[in-house]
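One chain comes next, on its own, written as structure tokens: the form predicted alone.
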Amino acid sequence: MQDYSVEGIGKLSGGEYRNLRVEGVGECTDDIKAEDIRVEGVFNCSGSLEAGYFSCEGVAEIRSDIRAKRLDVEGVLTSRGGKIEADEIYCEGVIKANGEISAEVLRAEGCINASEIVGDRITINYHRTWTKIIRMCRRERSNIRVIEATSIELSGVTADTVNGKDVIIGPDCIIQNLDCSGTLSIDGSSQVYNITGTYTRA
């Protein structure tokens, strides 16, 4: 496997790489597999992306599935039409996903817009983020249609459905339907319209 770097404007073919760096403007029309992918510029890929580690500090748009052991987002990552699957996801930037996001652990202090997030431990604390890219979109909030996990902690999130065992609804959330089977805590500034399940108030 070879290393590949895009520092200006360039196109790359699909295939397997060891380390892939995009510091300029890169485009790919096929599937990519790499041990380490780092995007600091602008990257557009119409194929799928598979990596051991994927870091997006710039702007990336992927039009198929994204699979990684660890995914770090400090820039803007857009997934159009595919799934995002990772063992761990850490987001201090913006993630926009038309499909499902699946992760054992997801921790976000940025903004996430997605149709569905499933996992074991999900934490989204939008109001703790002060990076420049988030200040630019602070008028928005994280908007997720469905959230399902064992442990859930949310702040600044709008969701249609939240389903979990231990759930903490922090400040500035709007939740339409919440089902909890363990412990439940709801901040007074949040709105939760329908609550079901056998739970204990924390």
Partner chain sequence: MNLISKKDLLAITGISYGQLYRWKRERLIPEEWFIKQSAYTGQETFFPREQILSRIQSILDMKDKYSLEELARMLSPQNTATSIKWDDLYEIEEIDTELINELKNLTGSEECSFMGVIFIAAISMSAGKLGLNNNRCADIVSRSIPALRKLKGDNIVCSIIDTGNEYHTVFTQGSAQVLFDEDVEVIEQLSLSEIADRIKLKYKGRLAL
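Model, not experiment: these values are computed from the prediction. Residue numbers count along the first chain shown, from 1.
The following text describes the form predicted together with its partner chain, which does not appear among the structures shown.
Using a 4.5 Å heavy atom cutoff, none of N98, I112 and E153 lies near its partner chain in the predicted bound form. Just one listed stretch, out of 38 to 46, 51 to 59, 171 to 179, 23 to 31, contacts its partner chain in the predicted bound form at the 4.5 Å heavy atom level, and that stretch is 171 to 179. When contacts are judged by a 4.5 Å heavy atom cut-off, R141 does not count as touching its partner chain in the predicted bound form. For T158, no non-hydrogen atom is located within 4.5 Å of its partner chain in the predicted bound form, even though that partner is not displayed. Under a 4.5 angstroms non-hydrogen atom cutoff, its partner chain in the predicted bound form lacks R107 among its neighbouring residues.
Remark: A103 counts among the residues lining its partner chain in the predicted bound form, judged by a heavy atom distance of 4.5 Å or less.
With contact defined as any non-hydrogen atom lying within 4.5 angstroms of its partner chain in the predicted bound form, R67 is the only contacting residue in 57 to 80.
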